[in-house]
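Each of the two blocks below gives one form of the same protein chain as structure tokens; they are labelled structure 1 and structure 2.
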Structure 1
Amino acid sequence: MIDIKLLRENSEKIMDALKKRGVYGSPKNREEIPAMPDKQLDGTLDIEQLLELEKERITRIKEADELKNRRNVVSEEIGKLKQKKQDAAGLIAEMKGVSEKIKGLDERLKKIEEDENKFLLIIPNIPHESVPVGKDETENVEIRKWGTPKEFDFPPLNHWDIAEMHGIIDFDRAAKIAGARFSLMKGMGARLERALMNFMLDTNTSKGYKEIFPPILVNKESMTGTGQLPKFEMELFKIADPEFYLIPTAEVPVTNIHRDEILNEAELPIYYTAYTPCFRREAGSYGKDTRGLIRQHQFNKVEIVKFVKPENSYDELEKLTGNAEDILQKLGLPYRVITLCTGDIGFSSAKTYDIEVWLPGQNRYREISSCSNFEDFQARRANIRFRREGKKGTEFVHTLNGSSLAIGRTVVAILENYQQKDGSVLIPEALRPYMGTDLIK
């Protein structure tokens, strides 16, 4: 959520920044940027209208506060009169009218605040100045590469062919049990999934991340806190009765650990790592990645989440991205890091690096991790603050998170990168203690 005060004082700047990500901010801007993609456009977003509401809010607060003050003073008088057994009927009658007015003003105020909130909750974050301006994923910028894609002296197979060969992933039966976009891991496949989970958690905890195992069903407040709601309900699985949402990433429960809390400066930074299953509707992705493990309704992921002081958050983003890269390096998987441009960055993020792993079966890089700095966007929504030593008042923390890594896609990368001519799959050195073998054959 962006700061209404900031918006009040810098509305032009903010609308300019939003334009870079393809969000109009005001209907009059619409013609100025006709070439932008429409995925983030929202006809209801009108910041000028919001500012009008905000003006009225301030006026109504003044009116209501004045009346409330009068009521407080007079009510006290009435109390005194009554104690002295004196008549207060006139004052009571007057206050009856005052209370009616207050009620009306408070109702209007409540409506204004609700409307403002609806607006604010669907305005995306402002991109950081270092984020390249661009309209969509074609304008993302590669910033570094690690490793070299292996040259095969045979045509490399897709991971689903390799998996089928060894009977370690059973998509047909998964479809029978649940449906499309589910997988059934068996034998060494199941073991690989578990080995990766432990390897990633161990690697992260050895770097000072505290291990968390959170709820994977969460309430609406948590989903709103991290930014999934209200705008992206269609992408979530929801349980109707009682109402719960299945998390699409551990980011949600783990960031919400400190919702509505005031932390001490000395506690920061806080580093968490968590394994969870993740659930996504993948609405609108029909026809994309229909085979294999790449796009599933349920997948496993190890996530890292940070709560930091504002002045450190961009350093922390670099470190966090480096931690995710380290997992890939330890596994010997070639990858590249890209900076998402303003048109491709996520709703809540101020800056995002995607890490893409090389997949020989697809002959291209595919996203395996996404590392973001949300600055105070989530903290403001979730009301996560801290108090500086010796200073009064509070500030919002900055939150960050990144996958380290998506486990299903890591399985894909290992199967495809480590396949051998005879169909067997070598296990990366770092994983052997967890697998108890060096080869899937």
Structure 2
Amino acid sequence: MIDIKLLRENSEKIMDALKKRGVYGSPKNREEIPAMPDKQLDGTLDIEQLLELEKERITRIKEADELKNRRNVVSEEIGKLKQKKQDAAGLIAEMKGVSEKIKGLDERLKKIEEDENKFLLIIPNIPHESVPVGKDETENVEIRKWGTPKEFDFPPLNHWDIAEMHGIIDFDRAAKIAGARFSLMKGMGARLERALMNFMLDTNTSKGYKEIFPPILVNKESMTGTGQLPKFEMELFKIADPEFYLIPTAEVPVTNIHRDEILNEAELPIYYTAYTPCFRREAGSYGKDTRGLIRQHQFNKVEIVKFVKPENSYDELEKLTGNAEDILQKLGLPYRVITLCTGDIGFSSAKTYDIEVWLPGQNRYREISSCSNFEDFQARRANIRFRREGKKGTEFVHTLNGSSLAIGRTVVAILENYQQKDGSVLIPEALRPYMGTDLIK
């Protein structure tokens, strides 16, 4: 959530940043912006409307404070008159009117604050100055590559053909059990999934991340705190009674561990890692990646989350991204790192690196991790603060998270990159102690 004071004092800068994101003054997001209670938005983020609300809020606060001060002063006068047994009826009648005005102002202030909060919840984060300006994913910037894609002396297969050959993933029975975009891992497929989960967690904990196993059902407050609500409601699986949401990523429960808390400076930085199943409706992906493991309603993922001091957050982003890259390097999987441009960056993020792994069966790089610095955007929504030693007051922490990694997509990458001419699949050396074998055949 953007600081309303920052928006009030730097409105032109904020509006310019939102224009670079393509969500201010752009009609393309019309369906994404809910109506304000008093006015139907035209599909753009009408920041002027929010600033008018803020201007009125400040004016009403001043009016209410002046009336409350007047009431306090006159109340003392009334008390003195009563002590002297003098007539105070006129002042009492005046104060009754003042109290009614104060009540009306307080009710209006409550309504303004509610409207402001609803508006602030749908405004995305402000991109960091280092984020390249661009309209969409075609203008993302590649910053480095690691590894060289293998040249095969045979036509490489897609992972679903390899999986069918070995009977390790059953999409048809998964569809019978649940529906489209689900998978049933079997035998060595299930073992590979479990091996990757343990390998990733062990690698992360060796780097100082504390392992967490959080709930996968969360409340509305948790989803709001990390930015999934209200904007992405249609992407979430929801339970109506009682109201819970299935998590789309471990980022949600892990970040909310410290919701409404004040941390001590000495506790920072805090590093967490967590394995969870993840659930996404993929509402906007009709016709995309209909085969295989790339885009599923349910998938497994290991996440890394950080709570850090503001001045360290961009160094921590580089370290976090490097931690995710280390997993791929240990597995010997070629990848590239790209910086997302302003038009492709996520709603809550100030800066994001995507890591894309090479998939020879598709002859292209595909996202396997997204590493983001949210600055204080999530912390402000979730009220996560810290207190500096020897100083008064509190500050919002900066939060970061990254996939380390999406397990299903790592399975895809291993099957396609390590396939052999005879149809077998080599197991990466780092994973062999977890698999108990060096070959799927």
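Here, a residue number simply tells you its place in the sequence of structure 1, counted from 1. Rigid core: the largest C-alpha set superposing within 1.5 Å between the two forms. Since the model is a prediction, treat every value here as computed from it, not as a measurement.
By the stated condition, namely the form predicted on its own, the second structure is the one that fits.
Fitting C-alpha atoms of each rigid part between the two structures shows the smaller part swung round by 19° relative to the larger. Comparison between the two structures places the CA of Asp87 11.1 angstrom away from its other position, after core fitting.
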